[in-house]
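Given next, in structure tokens, is a single chain: the form predicted on its own.
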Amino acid sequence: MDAENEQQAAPAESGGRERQAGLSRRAVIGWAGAGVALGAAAVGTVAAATMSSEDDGAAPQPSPEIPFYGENQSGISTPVQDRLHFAAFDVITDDRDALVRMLKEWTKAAASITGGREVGGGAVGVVPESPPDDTGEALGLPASRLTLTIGFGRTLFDKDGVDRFGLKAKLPEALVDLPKFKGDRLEAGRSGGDLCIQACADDPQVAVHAIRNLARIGMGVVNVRWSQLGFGKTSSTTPDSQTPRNLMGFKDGTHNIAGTDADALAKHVWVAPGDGADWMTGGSYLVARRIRMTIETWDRASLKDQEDTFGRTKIEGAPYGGQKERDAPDLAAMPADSHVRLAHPDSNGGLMILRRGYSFTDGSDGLGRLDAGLFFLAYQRDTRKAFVPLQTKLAANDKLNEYITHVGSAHFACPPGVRKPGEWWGQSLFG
């Protein structure tokens, strides 16, 4: 969805942030062994590649780590990693102090995991009669550019008219209940949530390890409401890299906001002073949509119909009226209902969102059809002025709707970054 409203990003939000100190998981290679595979997410693990040979004596190369601390949360304008584990949580207690304690523990754990270190006392070397602090499946793995991004859902502030945590007065006006768009077939079990954590990494096992350990720390305070694994990023925030393809075979993300474009990020992504709730300054609003593709129908469509649907050529990704992918599109040369024409900023008064989408395949639907599609993630300064008008237009007119259905939806307020050790996720909200 929204192939034109996406550009590519570098670490504008993490510039100048210091690399974490402490024992990394690399340091345990050779005495702790490789991590244990965890279901499908273990496919493609890089454990073997991280082990240095005793014969060649070569020192292990430092793994890429994205700084956790900064003015903005990492995982938004950060260069998009290849794998995703996204989880939405319900808060199952009314105890505000317990929730704050959990957020503080989550923050400590997140700082450790993103730095390639184990949680708490680690997975080994603890009292044998007690459960270890870390589940251990990431032992021997590098940080893999892991980022962890937190968001707060509307129901955290007001759930069925109850102000459980004294936060109702701090509910941002921009954190609206998303309207029901034409064609939506939303499933309650794949929608909503009081909190969310977005874990992105280049190794799926590292991303799953992060979510698993945060869920474990939160036991008794939160339950996982729903989660989604993603692979093969379908958008990028680094314009110089190769543009990814979605499961329909088309390049997706040619015109995304770049993470190096500070002006565009300030205009379209980061909440500014005076935008509303003061605690959200430096944050961003996240819309998550699970979009199922009717792959079998799409695969029987002619090449011309596929290209007309997007308004781009399939091989090169060139917009109609152009020769190369990044040529300026001739919107008038495209079918009126083509996705690119409808979603392009020039058709929407310059409106842009920052995309971090991922493909997914979750088996079959029981009728022999793939349950596959796009897990769409969009960050913006104000959802009411970005995603809502854009999706209203696309839902009503986009030819792509013949092949996709929105089945999951959630909306979160992602606060500013944790600036230094000792601060914690949500401090500006709960403080």
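Please read these numbers as outputs of a predicted model, since none were measured by experiment. From 1 onward, residues are counted along the sequence shown.
The protein also exists as the form predicted in complex with a further copy of the same chain; that form is not presented, and the subsequent description refers to it.
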property	result
Heavy atom distance at most 4.5 Å to a further copy of the same chain in the predicted bound form, all of Arg117, Lys393 and Asn401	no
Distance check, Thr107 to a further copy of the same chain in the predicted bound form, heavy atom within 4.5 Å	no
is_contact(Gln306, a further copy of the same chain) in the predicted bound form, heavy atom dist at most 4.5 Å	yes
Proximity of Ile113 to a further copy of the same chain in the predicted bound form, heavy atoms at 4.5 Å	no
In the predicted bound form, Val388 touching a further copy of the same chain (heavy atom, 4.5 Å)	no
One stretch from 355-363, 160-168, 270-278, 68-76 that, in the predicted bound form, holds residues within 4.5 Å of a further copy of the same chain by heavy atom	355-363
Sole residue of Arg96, Arg216, Arg326, Lys182 within 4.5 Å of a further copy of the same chain in the predicted bound form, by heavy atom	Arg216
Selected contact from Ile315, Ala332, Ala188, Ala266, since only one has a non-hydrogen atom within 4.5 angstroms of a further copy of the same chain in the predicted bound form	Ile315
Within 4.5 Å of a further copy of the same chain in the predicted bound form: residues from 277-312 (heavy atom criterion)	Ile295, Glu296, Trp298, Asp299, Arg300, Ala301, Ser302, Leu303, Lys304, Gln306
